[in-house]
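The structure tokens that follow cover one protein chain in two forms, given apart as structure 1 and structure 2.
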Structure 1
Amino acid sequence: MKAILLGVMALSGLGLAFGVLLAWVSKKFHVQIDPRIEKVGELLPGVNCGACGFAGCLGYAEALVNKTATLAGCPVSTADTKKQIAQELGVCDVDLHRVTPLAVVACGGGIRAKDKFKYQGLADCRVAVKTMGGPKNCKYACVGQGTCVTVCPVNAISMQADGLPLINPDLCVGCTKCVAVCPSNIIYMLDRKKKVYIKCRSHDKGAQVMKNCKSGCIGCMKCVKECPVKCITIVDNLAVIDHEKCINCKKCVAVCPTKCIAVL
């Protein structure tokens, strides 16, 4: 009996002592945190993609609250979210009608583009393009080592059997990380309302493109002639769509001889 009592007393005493100590420590070393940081953090998408340049979404939330960042910095959040955050912070510094853009791959090469050599080095596009000017004959082509797949924070990109990355539009949050990492600059951001884009970035002359790749833009002008709103021009041997003017009629897609105009 005595032993039990002693044990209980000793343990309670210890508990009490530590409790007091903890209470004192938490008072003494209390750090004032703006409660808005947590709220904003919860509103942010939480993919921690780092596109804003801060350490994850919480870091960005802190920067927003401290006014060292603007809402425009986050390419992922939807307009609704931004509206809520703006209300929370009492600011409005961003075009709230903007829709998250989508990353698209502007190369139709892959296995259809001729190999210059078989690259067997480190599986990283940034190394591959630097090796003897890249493994494809076309110097604008996707080198297919899948670095965009590695950097995508939401696993929206996967390498396909045709040697090209495919970006799943349902998963893409528009963080632009793949755009930044691609050494061939073939990924770019497209407005989600637009359905048509050119799947080639080669400025080579038509004959050279034909030699290098089965699905490159050869600058044949067919799409330019077909377009009812004249939104396609050939710039430096490459068709360029003015997405502002494009009405998604898809007439150009049908006439393209190398099928390098893609439909989302």
Structure 2
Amino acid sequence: MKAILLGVMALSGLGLAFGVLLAWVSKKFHVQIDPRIEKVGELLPGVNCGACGFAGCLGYAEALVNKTATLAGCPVSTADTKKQIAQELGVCDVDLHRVTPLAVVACGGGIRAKDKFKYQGLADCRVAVKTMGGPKNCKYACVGQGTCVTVCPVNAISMQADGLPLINPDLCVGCTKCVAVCPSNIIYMLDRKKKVYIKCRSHDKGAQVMKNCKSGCIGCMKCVKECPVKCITIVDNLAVIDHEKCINCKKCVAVCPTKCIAVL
């Protein structure tokens, strides 16, 4: 009985000693967390799209509080949300009028682009393009498996009956996730103020393009000749628009024989 009592007392003493030690360590190495981080995190949209360059909204909130990021870095937040966060942080130099870029699909193929074979594998564009070189005759074409749809954090992309993704400009927040995941590199970011863009990425010669897809750029030069400000050139068989010079006159759209020049 005495041995048991001594054992209990010893264990109690050890427990007390470790408790005191842990309390001291906790107090000694305690890191003060700024309460504003949690408040800012609650104000952020919680999409965790990563467009700001940080690991989720909480990481971005911490960066905002520590002044290593600006409110212009979040394309998802509304102007009202940014105003609230600015008030919480006591800052006023916030770019509330920044226009986020829009993701556009530079392919007019879809079901109009001829198939090399009928793909029946995993519904993932990255897998599809690695399967026997991809299911389309045109190696630059959208393979239509909708990977961009699945990664979009705001449901701004949907697959259409023509086999191409459609991006809703009212929902797109410019996070670039769809750009990063597209193995065919047919999605890119465009300034919303620039209305005209090329819906093709093919660098094949015109005759080959016509065999593969009736909606591709054939390098006919009609757009180049028609442009009043000379902002279009043909680079490696593909029309390229210099958006710094483009005045959105849409004359190139009217003369394009394959309708591969589109308007937002």
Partner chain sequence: METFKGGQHIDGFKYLSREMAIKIMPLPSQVIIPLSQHTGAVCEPVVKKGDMVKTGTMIGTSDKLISSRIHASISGVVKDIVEYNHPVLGQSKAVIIDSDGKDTLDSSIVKRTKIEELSKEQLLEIIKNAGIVGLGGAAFPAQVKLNPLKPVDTLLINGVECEPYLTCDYRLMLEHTHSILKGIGLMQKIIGVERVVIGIEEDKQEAIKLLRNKCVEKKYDIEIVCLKAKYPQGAEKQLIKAILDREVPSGKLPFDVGVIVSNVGTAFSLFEAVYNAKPLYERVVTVTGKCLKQPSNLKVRIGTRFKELIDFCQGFKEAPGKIIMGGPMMGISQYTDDVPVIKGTSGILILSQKEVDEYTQGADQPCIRCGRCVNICPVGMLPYALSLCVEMDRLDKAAQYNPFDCIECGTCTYVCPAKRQILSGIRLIKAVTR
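What we label the rigid core is the largest C-alpha set whose atoms superpose within 1.5 Å from one form to the other. Residue 1 is the first residue of structure 1, and the numbers go on in sequence order from there. Keep in mind that this is a model prediction, so the values were computed, not measured.
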Where's the form predicted alone, in 1 or in 2?
2
Answer yes if the Cα of residue 46 shifts by 2 angstroms or more between structures 1 and 2 on a rigid-core superposition, and no otherwise.
yes
Superposing on the rigid core, does the Cα of residue 82 end up 2 Å or more away between structures 1 and 2?
yes
Core-superposed C-alpha of residue 55 shifting 2 Å or more between structures 1 and 2
yes
